[in-house]
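Here you get one chain, nothing else, as structure tokens; it is the form predicted on its own.
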């Protein structure tokens, strides 16, 4: 068999609203961003998978010995994708792959999902096999669950795969509906990294998943998606911690439904208020914010032209997203960076984020 070559890329994503709702069968709103992971390479004549990253080094694995690595764990995202695609009947053989990415790592912008999807599309081009987009997204999610040890929902992969330029992506994790929602043209998103990396597999993310599952069980529902605010308010018979965790998920679902209506009307101010409410719930109810994230949000909200700000992604470090008037976005990003550095001594990476097309 002659060597075949292929290339694929997939964007990171910003979570706009719907924090930790996806694995609770809820609704989420995200957007693909103009930062991407790229995988290029060629097939091999043997059964060796060789993956090289300019940032992390290189690994070589035999297909017959495919399992999660305890060293070079960065490669598990791609190796997990190989495993899941083979389970779906994709005729994966040996290949060489070069990985590059400008999606910030550990910032809540889903560098992992971008890497997974770029790997999946690269493999599907190299070893042609037809899979529906939703199947591809789910295979990448399983790779993250089983090989990387993060019990993530499906939001990241869906947003990276289905993203469309200048549009938000609505995802219903129960019905698997994906809807494209226009984003107001006069608004922009500013991403600010806190300088505190997050490592989801270290425990807090998985712990929140367990707590929300326990809250659903205590409230007698299949998933927290099945509750509304009035139902939760009527229940005082569950532990305070589980009640707080449930309040966050229930509130986030409500905010996402409302946000879709606001975006369809072009109401950026109303959308910004929902982002502010979301962050307060993360801070108080879900306790997945940090002092650094709170400071970035506080600074942003005081800047002229800002409509709202919140943490984005899993939390426990990472980044914030600020909604602002497009005309002043660069100045807002610069001021946010300077003020944060003045108070913390940390020079954050802050950039205006364009909403981009999905994986290709």
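It should be emphasised that the depicted structure is a prediction, and the values quoted were computed from it without experimental measurement. Numbering follows the first chain given and starts at 1.
If you look for the form predicted together with a small molecule, you will not find it shown, but the lines that follow are about it.
Here the chain stands by itself, but in the model of the complex one stretch of 327-335, 309-317, 59-67, 38-46, 309-317, has heavy atoms within 4.5 Å of the small molecule.
The closest non-hydrogen atom of residue 23 lies within 4.5 Å of the small molecule in the model of the complex. Contact annotation for residue 104: none of its heavy atoms lies within 4.5 Å of the small molecule in the model of the complex. Remark: residue 154 counts among the residues lining the small molecule in the model of the complex, judged by a heavy atom distance of 4.5 Å or less. Within this chain, residue 205 lines the site of the small molecule in the model of the complex, having a heavy atom no more than 4.5 Å away.
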